[in-house]
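First structure 1, then structure 2: two forms of the same chain, each alone, as structure tokens.
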Structure 1
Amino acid sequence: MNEPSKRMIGLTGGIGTGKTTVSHYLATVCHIKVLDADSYAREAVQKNSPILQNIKERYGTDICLDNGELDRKKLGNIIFNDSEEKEWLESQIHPYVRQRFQEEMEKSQEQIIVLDIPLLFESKLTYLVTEIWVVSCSYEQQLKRIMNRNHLTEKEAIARIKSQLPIEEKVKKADVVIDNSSTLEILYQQIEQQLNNE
């Protein structure tokens, strides 16, 4: 008998729409294996890594803190204002992240793997997954949630939302839309339902 094909779920959404809440539930309550793009991206630039070395060569050693770790805030300020530099940085980090996903997916025996990738569409990683889940909520909720969580002014929160592909565009490309406009209980019900939908 043929083995059922594995489900590789790409989990994404807009800033503050609830991806972390969903991936935390999938990992801790549903015991699903979750691979996290952000943690691989941090690993890519860890102290003494070849990519951090390239970053130092491009921006000077001042881009690191006294302890040798990358000064993320400084780097963030450079790339937030300069799309060419943003592209250069992504060309350094994305191949590393892609390779880590591939390694972990090949190693894993799990039937379902979730790839938590906030910038799934922007970083063109959709080819890695067999289905795409987009976590969505209304613009007002998104704004309110990130202002509260990150202690941002409305203006700062709007700038962050605008720097990403609009959530409506992501929803159009989704196989599954998880609507996080209501309570956590309703959010969790949708997750359970989609997991059982093979």
Structure 2
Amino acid sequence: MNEPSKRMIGLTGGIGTGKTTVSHYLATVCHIKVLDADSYAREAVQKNSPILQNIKERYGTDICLDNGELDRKKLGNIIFNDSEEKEWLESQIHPYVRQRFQEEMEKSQEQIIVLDIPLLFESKLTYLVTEIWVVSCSYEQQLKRIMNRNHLTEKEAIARIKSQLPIEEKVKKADVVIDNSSTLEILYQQIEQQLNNE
């Protein structure tokens, strides 16, 4: 089969909409290769990496934990409350993530690959994919899930939601909308249905 017939699914959504549940199902139940932007972003700032060095130079060494690893909570508090700092951080990390995606896609033989990218639109990576899936749910569900999962106050959770493109905007740009406001069973049915839509 020739190259263009590959399906490159860009999977995205808002924080707390259930994107991780969808990507986990695709990987474990459907046995589809999932490339994860978050894991590449973690690689980018791993201990002794040049990017972590830049972060330390900008925010001081106390941005790291005692073991030398990045203190994600501390960094999160800075960038979720300051759009300029968030942009600076993304300018450090996005090129690395983009490069890792391209390397993995080039060496992969699979016919379907899922690119799990929370900031697919924000980081302008839509050119990497052939179709875009957006996982969505109601704002109230989103807020509640983030507060419970990340142990955040309502104010902190709202700041995280606001730091991303509104979910309504993402839905408008989607080829496929996966609605995660009901049961897991209904969520999984939607995934199976979309995978079978060649």
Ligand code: ATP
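Structure 1 provides the reference sequence; residues are numbered from 1 along it. Here the rigid core means the biggest group of C-alpha atoms that line up within 1.5 Å when the two forms are laid on top of each other. Predicted model, so just to flag it, every value in this text is computed and none were measured.
Of the two forms shown, the form predicted together with the ligand is structure 1.
For residue 158, the Cα coordinates differ by 2 angstroms or more between structure 1 and structure 2 after the core has been superposed.
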